[in-house]
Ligand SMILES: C[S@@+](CC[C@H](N)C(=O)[O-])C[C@H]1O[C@@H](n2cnc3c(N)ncnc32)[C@H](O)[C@@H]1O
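In the form predicted on its own, a lone chain appears below as structure tokens.
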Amino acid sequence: MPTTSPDDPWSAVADDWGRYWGDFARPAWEPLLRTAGIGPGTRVLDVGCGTGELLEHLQELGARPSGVDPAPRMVELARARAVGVDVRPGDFERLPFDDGAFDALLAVNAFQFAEDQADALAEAGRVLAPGGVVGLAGWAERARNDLDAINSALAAADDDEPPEDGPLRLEGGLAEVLRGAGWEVLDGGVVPVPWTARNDTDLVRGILFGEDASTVADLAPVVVEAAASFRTPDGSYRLMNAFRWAVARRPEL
């Protein structure tokens, strides 16, 4: 894990996150936006907007996006990328927007970080207009992700066990939490999400972003060795992964 301030764990790594992972989840955007009916004029809130890649994409589609992220540096970078978009600091459970302000709310690789998922969905319902929809996407189970080979090797190097799959990663997990909160699930699925690195340097920096220089030096050989089977003839790397997604309609309040 990145060695950052416990009060703001993401700002210190925001620049590297944007460089190596900012648009990583792009393949999951299409089914979310299609199922949610997002197009020109749609008022969309991107929760956990990170460095703003999805916000920029929504702008290009003609939607009316806004963003929120708990990390000040992420907010700063998102504002710089998606110029003119209203991006505010805030948490999923305390969204700094008015009731009924949006037609759709998206949370890509973000919902799992909510401290209280029930409160997060209640907030999503509050800021959505009647008939509004929420779209969630996040990592599928480890067995579907080539990155697990590297994560397992790093855990072993630290004499630790790889983390177990949380319920949201499993088939039906997103739909179950949505239905449990009273939402009408419209559709969901799993989508392949590749991650690429141009060379050994980018591979190591992308995997170990946020670590100090000595830790990177110690663990770089572990990362390169674990990724050997994903190395392509030109020296780059391509690791296939998967995200699960689900879209649901706001419950009647």
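Counting begins at 1, following the sequence as shown. None of these values were measured; they are calculated from a predicted model.
The next section is about a form of this same protein that is not shown, the form predicted together with the ligand.
In plain terms, the part of the chain that comes close to the ligand in the predicted complex, with a heavy atom within 4.5 Å, is 84-92 out of 155-163, 140-148, 84-92, 176-184.
Distance criterion of 4.5 Å from any heavy atom to the ligand in the predicted complex singles out Val47 from the list Leu32, Val47, Leu55, Leu203. Residue contact check for Phe97: none of its heavy atoms lie within 4.5 Å of the ligand in the predicted complex.
Among heavy atoms of Leu239, none comes within 4.5 Å of the ligand in the predicted complex. In the predicted complex, Gly189 stays away from the ligand, with no heavy atom inside 4.5 Å. When contacts are judged by a 4.5 Å heavy atom cut-off, Gln117 does not count as touching the ligand in the predicted complex. For the stretch 67-83, the set of residues having any non-hydrogen atom within 4.5 angstroms of the ligand in the predicted complex comprises Asp69, Pro70, Ala71, Met74, in sequence order.
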